[in-house]
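Before any questions on binding or motion, here is one chain by itself as structure tokens, the form predicted alone.
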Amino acid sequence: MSAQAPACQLLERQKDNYASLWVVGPPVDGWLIDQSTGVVSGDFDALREWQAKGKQARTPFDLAAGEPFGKEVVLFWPKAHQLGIWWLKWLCEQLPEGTPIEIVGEHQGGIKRVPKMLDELGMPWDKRDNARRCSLFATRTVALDSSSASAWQTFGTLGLTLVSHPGVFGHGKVDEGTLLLLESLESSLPKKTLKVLDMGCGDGIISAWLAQRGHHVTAVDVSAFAVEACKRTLAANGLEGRVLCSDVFSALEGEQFDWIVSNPPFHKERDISYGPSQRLIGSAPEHLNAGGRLVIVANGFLPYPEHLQRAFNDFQTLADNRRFKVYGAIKSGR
């Protein structure tokens, strides 16, 4: 099997240099999975693919501070540059000083900015290869003056304290669509306590808002960074809720809820992807109690009405500010 992702194709040219390769934040690529010993990732999908091949798979939050995991490490540079800087700092804290690290990424994903960032961190570097519109750099861990923990950002809104991390949706600010969703919920949520699922929880603003009003909240996200951010947001507000890593409903087999609330993603890195949102809408009736409600917010141009009509036979537009729309659909009691 040959590599499919461009960055992995570049890495494949170096394969004879690796004996026990650990990859950090990689794309899902069959060649890379077969080639590597293990993966550290915040993406639940990637972790699951490595585990399915019997490989070691960890999130950065599974590893104790300073717990080593490999001597041959390749970091795949993420779209969010601040997340890339966090990974570099975390690797310097996690691995012994002087451990070699390679960094690979696509030019359109910002890999060309990496040398400047390495210079700012005081990490030496060399350019090892350049092909497939990708570049590969070599560096090594150093003792840093600043901690990876400094990437966590705390800010207040709607009477809540939110804790956010680079790479989490809406990092450091509140999304306009989410605000419209919460405004709509304020006038439509019943007074009785509900069992609510926050699908794609991000930094936990929806979960905290619902928990603050006394509802029993389960929050899920495919990103381990979002799961950790949501847990910290709930804790910062003295609120309770269950927070899980899940690819849409994968961790919730057989569970049903009174309401499902979501600001679903439609991007995967730089690409538009409706897959998770379609699965959310299509499978929502199976996870709602009779009379249960799905409420989602989306950019006005997205084709969700047809999916809602297909899954529920009917839906309502609960709010519309021209840029975003809030949709509601109710599971039939029959």
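Heads up: residue numbers just count along the shown sequence, starting at 1. It should be emphasised that the depicted structure is a prediction, and the values quoted were computed from it without experimental measurement.
There is another form of this protein, the form predicted together with a small molecule, and it is not shown here; the text below is about that form.
Site annotation in the predicted bound form: the residue of Pro264, Gly241, Pro166, Gly109 reaching within 4.5 Å of the small molecule with a heavy atom is Pro264. Although the partner is absent from this view, Glu102 stays clear of the small molecule in the predicted bound form, with no non-hydrogen atom inside 4.5 angstroms. For Val248, a non-hydrogen atom is located within 4.5 Å of the small molecule in the predicted bound form, even though that partner is not displayed. Within 4.5 Å of some heavy atom of the small molecule in the predicted bound form lies at least one heavy atom of Gly200. Ile205 belongs to the set of residues with a heavy atom inside 4.5 Å of the small molecule in the predicted bound form. Candidate site formed by Thr178, Ser223 and Arg279: every one of these residues places a non-hydrogen atom within 4.5 angstroms of the small molecule in the predicted bound form. Listed stretches are 192-200, 124-132, 229-237, 85-93; the contact stretch with the small molecule in the predicted bound form is 192-200, by a heavy atom cutoff of 4.5 Å.
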